[in-house]
Ligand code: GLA
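Shown next as structure tokens: one chain only, the form predicted alone.
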Amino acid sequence: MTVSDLKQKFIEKYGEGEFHGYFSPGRVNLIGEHTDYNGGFVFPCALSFGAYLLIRRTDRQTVRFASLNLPFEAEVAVEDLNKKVGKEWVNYPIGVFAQFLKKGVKFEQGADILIFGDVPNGAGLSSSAALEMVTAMAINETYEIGLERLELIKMSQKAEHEFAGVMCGIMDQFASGMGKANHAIFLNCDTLDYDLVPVELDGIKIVISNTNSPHKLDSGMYNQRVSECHAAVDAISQYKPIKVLAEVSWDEFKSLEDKMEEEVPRKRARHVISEIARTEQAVQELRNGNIDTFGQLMNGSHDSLRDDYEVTGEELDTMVEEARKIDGVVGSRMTGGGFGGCTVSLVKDEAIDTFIAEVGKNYEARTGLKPAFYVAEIGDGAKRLF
């Protein structure tokens, strides 16, 4: 759907008059999974698809929410923009409004809001972060609040915590807010220091494979992993006082591993600490043009997520297994929170058609699910469109 189409839909819904449009992208994480809430490194990039939000400030004391993707609509009084509406999608933008209220912002006027997203829902490409980030940008500019972009990113993360109930790290919102075309973000999730690293893949494309087995991060499994990492921190702190797993190097962990009595926290820590080391190495390999080694590190990431973090499952593992059988695949791994969603693969240009045909056919034969494939374009972060 084009921006012109969206403008027409807004007018059909809310009538003529001045309004503005914003966009915030989804993201794919190349490597560094489940490290963000452990204070480690991640390496995501923004995608060319995401969430669009059209907004008009009004003189009413209510905010009207509508979506072109879902039928549910809501009209919420400005003083109630910190209250959930059942389990509906509007809780994502309402959750962002609530963060502004927490900062003492008073909304004297309401708004008309129309949302459209072209990130596949439940695919693990951060449709929720894109929606939160585009809402934060739109509110900040429409009501002339003047907050810095990093503050909007943090508020969007808190909205996810408090209104969606997912105790996510900062990666998704950061990638959506700070992305740059043809670059990935090497982000230290503890300090929020970051570098924009050019992604120069000569003759290779990033292919996202959607298992069409939607992940359910709000089902509790994600939050359970967060708790298990806290347990690992407690176990390691008996020997080295730490606050997050990122404070432990891989060599230190190898010396402490046998002292951790409980198997589950030990396995979770093994993944996180090894994944942080893999991510640092992968970024260096990419900077040096060593794409084959980068691909091997992607493979190692998936295997660790499967064996030690246990967040992959049949569909993601099947997709990765079939991908790795294709000549011309440099590396393949799950991306996102897991428990369904997408994989990300580096595929040589000449192998892309074969990849989509063969992996698609074999995956469907093994799982009964029909996958979808996207040749990713790395886009810019959140921005005003008009």
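Because the structure is predicted, anything quoted here is derived from the model rather than measured. One-based numbering along the sequence shown.
This protein has a second form, the form predicted together with alpha-D-galactopyranose, left out of what is shown; the following refers to that one.
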(request) Answer yes if any heavy atom of V272 is within 4.5 Å of a heavy atom of alpha-D-galactopyranose in the model of the complex; otherwise answer no. (result) no
(message) Taking alpha-D-galactopyranose as it sits in the model of the complex, is G295 in contact with it (heavy atom to heavy atom, 4.5 Å or less)?
(response) no
(request) Using a 4.5 Å heavy atom cut-off, state whether F65 contacts alpha-D-galactopyranose in the model of the complex. (result) no
(message) I'd like to know whether M171 contacts alpha-D-galactopyranose in the model of the complex, with contact meaning heavy atoms within 4.5 angstroms.
(response) yes
(message) Just to be sure I understand the contacts: of F355, F49, Y52, Y37, which is the one whose heavy atoms reach within 4.5 angstroms of alpha-D-galactopyranose in the model of the complex?
(response) Y37
(request) Would you kindly say which of Y222, F100, W89, F253 lies with a heavy atom within 4.5 Å of alpha-D-galactopyranose in the model of the complex? (result) Y222
(request) Just one of 56 to 64, 356 to 364, 332 to 340, 316 to 324 has residues with a heavy atom within 4.5 Å of alpha-D-galactopyranose in the model of the complex, so point it out. (result) 332 to 340
